[in-house]
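Only one chain comes next, encoded as structure tokens, the form predicted on its own.
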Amino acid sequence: MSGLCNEKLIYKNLVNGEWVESASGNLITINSPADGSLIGKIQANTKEEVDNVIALSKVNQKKWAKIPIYEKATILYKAASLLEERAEAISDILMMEISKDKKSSLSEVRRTADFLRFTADAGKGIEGLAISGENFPGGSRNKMSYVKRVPLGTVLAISPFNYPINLSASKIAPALMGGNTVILKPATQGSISALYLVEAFQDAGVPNGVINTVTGKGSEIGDYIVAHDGIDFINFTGSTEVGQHISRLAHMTPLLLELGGKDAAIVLEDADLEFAAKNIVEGAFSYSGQRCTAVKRILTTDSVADKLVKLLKPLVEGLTVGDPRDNSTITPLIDSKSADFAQVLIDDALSKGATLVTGNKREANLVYPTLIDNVTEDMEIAWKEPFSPILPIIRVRSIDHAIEIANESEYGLQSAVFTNDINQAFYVADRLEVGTVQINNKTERGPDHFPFLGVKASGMGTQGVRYSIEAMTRHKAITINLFEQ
């Protein structure tokens, strides 16, 4: 058994190259949402330990920044190879820790390996710029500015439960290529999977102290670490509520926030409805809808909705429901609180006159896929993010009405429009207040080198391999003044 954990399944934190237990002796038990079985126990770090980790990160950052970019890239390539070698074992942990089906768990690990390689390549392509002074009126060719990118320092990476491998790596790898050190604070549920990712980085040759981890409840160390003056950048993925809280505490620390969404699929009358239905169901219900980019509402007119419901119903009822080990699409939600919230949204809609097409069945924290028609604007499900397998249909008067409802949301992550008319597609896309519009495709994150961003309550800043490297570095200008000849 590696130094990461012991025979009692007690997982340690990586601090300055060593796997260590908290001096507090306090542990947090991680049980599987799928069957309640013990996955392991993680450390509950103290504020003093947070101070120590930050101090170590600051010291080691100066050393890491001096390492040539091609050497940094070589380490990422090695980490990618190690992830692929360990994909089966890591995906088994991931599957049971967050109740994600085996196929999706394995895909997440392998996708992360691809992400690391692409990030290494992109990092090698980040170059400086020389600007001549003669280009500006009154300037001189004897003045030149050499502009390069330099690291921000210590990056705090806070990852969510739903993609603890991929969304930890999407923060760590660009930060490393930019010359930063990283402190990873994963979500409590998902911490064990994230620690296996960090182990791959460490085994790949990341120098001691360049990546450190802290685990523990946000209520105990969360506010302390995000407000710490030793943190130079915060990269957070999670709920809008927590993201807004972090932004208030962070003061002038730069942020990259990936928050919630209420992604709409707008289906126009000329759309290929069979294609749209299949695409929407996949987008709405994969990993039980526990994705910020899940399709969370359909906006369409009566004539389309009548046909679409008939196509959606058998597709939704055909989804496999049950244990993640059986490769079920719909698996138990991350906890009972999430299932309770899903039930509240369903009950509210039905009590106000919505039509249940299929679903509304629950077994503990397993919520069956639910399709609800005739949802109106006074219902909570029209506006709140369910993070569960619920798909509401809101009937609209026109395209402009659909755009209006889509834009009334506090969120602005993504939207989709289904149509065979490219002019109509761009008419809708240009008017939607979101970071990304998908034309004839479900809302989704990738490919990972595309820009990924949210507006309004959905986030701050732009992700995507090159964009993330740029976000975690800054320009530094050195002006050269030549003597007149």
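Residues carry their position along the shown sequence, with the first being 1. What you are looking at is a predicted structure, and each value in this text was computed from that prediction instead of being measured.
The following text describes the form predicted in complex with glyceraldehyde-3-phosphate (G3H), which does not appear among the structures shown.
Is it the case that Lys62, Trp64 and Ile211 all touch glyceraldehyde-3-phosphate (G3H) in the predicted bound form, with a non-hydrogen atom of each within 4.5 angstroms?
Result no, not one residue of the spot touches glyceraldehyde-3-phosphate (G3H).
Heavy atom contact within 4.5 Å of glyceraldehyde-3-phosphate (G3H) in the predicted bound form, the stretch among 30 to 38, 419 to 427, 441 to 449, 49 to 57:
So the stretch in question is 441 to 449.
So glyceraldehyde-3-phosphate (G3H) isn't shown here. In the predicted bound form, which residue out of Arg291, Lys102, Lys78, Lys72 has a non-hydrogen atom within 4.5 Å of it?
So the residue touching glyceraldehyde-3-phosphate (G3H) in the predicted bound form, by this definition, is Arg291.
Within 4.5 Å of glyceraldehyde-3-phosphate (G3H) in the predicted bound form, heavy atoms considered, which of Thr253, Gln202, Asn162, Asn279?
That would be Asn162.
Does Val267 reach glyceraldehyde-3-phosphate (G3H) in the predicted bound form, with heavy atoms at most 4.5 Å apart?
Answer no; every heavy atom of Val267 is more than 4.5 Å from glyceraldehyde-3-phosphate (G3H) in the predicted bound form.
How about His228 - does it come within 4.5 Å of glyceraldehyde-3-phosphate (G3H) in the predicted bound form, if we only consider non-hydrogen atoms?
No, His228 stays farther than 4.5 Å from glyceraldehyde-3-phosphate (G3H) in the predicted bound form.
Leu167 near glyceraldehyde-3-phosphate (G3H) in the predicted bound form, any heavy atom under 4.5 Å?
Judged by the heavy-atom cut-off of 4.5 Å, Leu167 is in contact with glyceraldehyde-3-phosphate (G3H) in the predicted bound form.
Any chance Lys384 has a heavy atom within 4.5 Å of glyceraldehyde-3-phosphate (G3H) in the predicted bound form?
No, Lys384 stays farther than 4.5 Å from glyceraldehyde-3-phosphate (G3H) in the predicted bound form.
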